[in-house]
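A lone chain, given as structure tokens: the form predicted alone.
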């Protein structure tokens, strides 16, 4: 256990070194956030929707703040698979799935926090009708944060499945592009899932992608009452167990019969 904690801490410290990328990410996501808020304000001015505009704007800012948690990937692992350097990791007296799962978790957690905290502060300071709204209540805030943590576990499991498939294909670009497309659309990053037709939402909100950010945001804004919190936890927990089990199976199969490329 100490070895895994050391891996987690080292990856956290490594993420704090990319200060330029953090500053660039904050300005980039703030720019896109303002563009999206302006578009939704124009939409509501012409055709008001059932969902309050303040909830949609809050949804946008929270999606932008935690954008890196959803779309970042472990480029080092992809390079090791491509070059054959993953052979060195196979010699480690560790579970390889757990090793890279914790690396991905630390990378996404620290990378998201470094960008989310200044972004949310700036979003709070924006004029009324442009910035993020306060949570429905303190219990809603805590429920949203806990849901966000489970969403992090879910996206790390999805990432490890992608890398397990990469060990067979040697090129992560195809699988990563497909995963990113699904996550951007079905997690609510391009269009908030709250604006999808109700019949679509009955299916989309049950998929693993909606558990990443959509479910925590709906708990935060109060669109989902606290009485639905146990249901959300059950869905998130079920997907985490299933995706981790599937990833472990893929990684074990790969380690039984592996062909290393490189010199």
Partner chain sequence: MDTVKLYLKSMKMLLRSQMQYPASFIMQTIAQIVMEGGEMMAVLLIIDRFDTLHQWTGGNLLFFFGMMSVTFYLTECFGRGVTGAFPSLVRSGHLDTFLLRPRGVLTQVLCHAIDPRRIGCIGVGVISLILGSRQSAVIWTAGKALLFLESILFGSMLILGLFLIEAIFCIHSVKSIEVVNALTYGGRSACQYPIDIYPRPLRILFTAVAPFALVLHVPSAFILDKPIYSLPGFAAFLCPAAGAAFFLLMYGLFRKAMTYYRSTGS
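Source: prediction; values computed, not measured. Residue numbers count along the first chain shown, from 1.
The discussion below concerns the form predicted in complex with the partner chain, not included here.
Student: For the partner chain, considered in the model of the complex: do all three of 106, 113 and 243 come within 4.5 Å of it, counting heavy atoms only?
Tutor: Checked in the model of the complex: no contact with the partner chain for any of the three.
Student: May I ask you to choose, among 226, 233, 42, 206, the residue with a heavy atom within 4.5 Å of the partner chain in the model of the complex?
Tutor: By the 4.5 Å heavy-atom cutoff, the listed residue in contact is 42.
Student: 141, 181, 149, 85: which sits within 4.5 Å of the partner chain in the model of the complex by any heavy atom?
Tutor: In short, 181.
Student: Is residue 54 close enough to touch the partner chain in the model of the complex, meaning at least one heavy atom pair within 4.5 Å?
Tutor: Result no; residue 54 lies far from the partner chain in the model of the complex.
Student: Does residue 14 reach the partner chain in the model of the complex, with heavy atoms at most 4.5 Å apart?
Tutor: Answer no; every heavy atom of residue 14 is more than 4.5 Å from the partner chain in the model of the complex.
Student: How about residue 190 - does it come within 4.5 Å of the partner chain in the model of the complex, if we only consider non-hydrogen atoms?
Tutor: Taking the distances in the model of the complex, the answer for residue 190 is yes, it comes within 4.5 Å of the partner chain.
Student: Might residue 35 be said to contact the partner chain in the model of the complex, defining contact as any heavy atom within 4.5 Å?
Tutor: Within the cut-off, so yes.
Student: In the model of the complex, which of 214-222, 58-66, 196-204, 233-241 comes within 4.5 Å of the partner chain (heavy atoms)?
Tutor: Only one stretch passes the 4.5 Å heavy-atom test: 196-204.
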